[in-house]
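What follows is a single chain, given as structure tokens, in the form predicted on its own.
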């Protein structure tokens, strides 16, 4: 038995697939691909499969990790080929590797956000205002957790933030806290900024490009 880390891309209509359905989808895929999965022991054996950092609904993921355990002799290249042959549209295995980092080493995530506004003036005004708020170090918002809803300062969970306007769109590149203890959803950040100006977007794309460790090196 050995551990394997699958890296997948999620885009297109697949971004609207819930985490529960993603579990079902990948369970079916590995069975159809005849990957020799290792099953847990006990009364109700099931294949070992762990999504390390579930992607929020509606967001694109460029390199999302899933850990599985397999038995037998099968190469990483063969695993990737077999899975991609049965994956539904919008989901693609981009890499298969040996886990180099422990799951609890995930501490941050890099995002790219593109939001469209009604006109260029509104986009430019929002970009300038958003930068000013982030630079001030204070952006309060209600955040839900297992313990309920509480008011938090989102700036304390932002590791870096860049924003610029291009015609009617604004482009944000940001690194936000991610992990089991502290986690900031990029959509919550944008919603909090929009509420400061009573602004609304005409279109929105949120892409999680990579997961990072505490020192902001790439999680592998």
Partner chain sequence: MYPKELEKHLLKVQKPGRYTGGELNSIVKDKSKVDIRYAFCFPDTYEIGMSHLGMKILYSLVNARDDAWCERVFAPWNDMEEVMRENDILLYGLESGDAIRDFDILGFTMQYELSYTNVLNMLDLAGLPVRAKDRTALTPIVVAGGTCVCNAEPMAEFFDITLLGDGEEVTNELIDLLKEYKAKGASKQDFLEAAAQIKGVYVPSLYDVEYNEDNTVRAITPKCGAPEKVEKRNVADLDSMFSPTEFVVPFLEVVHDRTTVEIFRGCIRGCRFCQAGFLNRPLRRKSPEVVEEQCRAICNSTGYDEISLCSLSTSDYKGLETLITNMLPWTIDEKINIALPSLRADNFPKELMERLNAVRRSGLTFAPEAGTQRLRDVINKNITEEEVLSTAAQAFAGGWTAVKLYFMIGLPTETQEDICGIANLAQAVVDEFYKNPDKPKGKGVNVSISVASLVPKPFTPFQWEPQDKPDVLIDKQNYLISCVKTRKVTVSRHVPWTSFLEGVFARGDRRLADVIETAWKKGCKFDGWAECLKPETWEESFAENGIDPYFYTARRREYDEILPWDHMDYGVTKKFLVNENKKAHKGETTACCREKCAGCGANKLNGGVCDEIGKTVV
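These figures come from a predicted structure and were not determined experimentally. Numbering follows the first chain given and starts at 1.
Form predicted together with the partner chain: not shown, discussed below.
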{"property": "4.5 Å heavy atom contact, residue 44 and the partner chain in the predicted complex", "result": "yes"}
{"property": "Residue 89 within 4.5 Å of the partner chain in the predicted complex, heavy atoms", "result": "yes"}
{"property": "Contact of residue 173 with the partner chain in the predicted complex (heavy atom, 4.5 Å)", "result": "no"}
{"property": "Residue contact check: residue 17 to the partner chain in the predicted complex, 4.5 Å heavy atom", "result": "yes"}
{"property": "Contact residue in the predicted complex, chosen from 159, 32, 63, 69 - any heavy atom within 4.5 Å of the partner chain", "result": "32"}
{"property": "Interface segment, criterion being heavy atoms within 4.5 Å of the partner chain in the predicted complex, picked from 54 to 62, 177 to 185, 150 to 158, 164 to 172", "result": "54 to 62"}
{"property": "Contact test, all of 94, 98 and 100, partner the partner chain in the predicted complex, heavy atom 4.5 Å", "result": "no"}
{"property": "In the predicted complex: members of 121 to 135 within 4.5 Å of the partner chain, any heavy atom", "result": "none"}
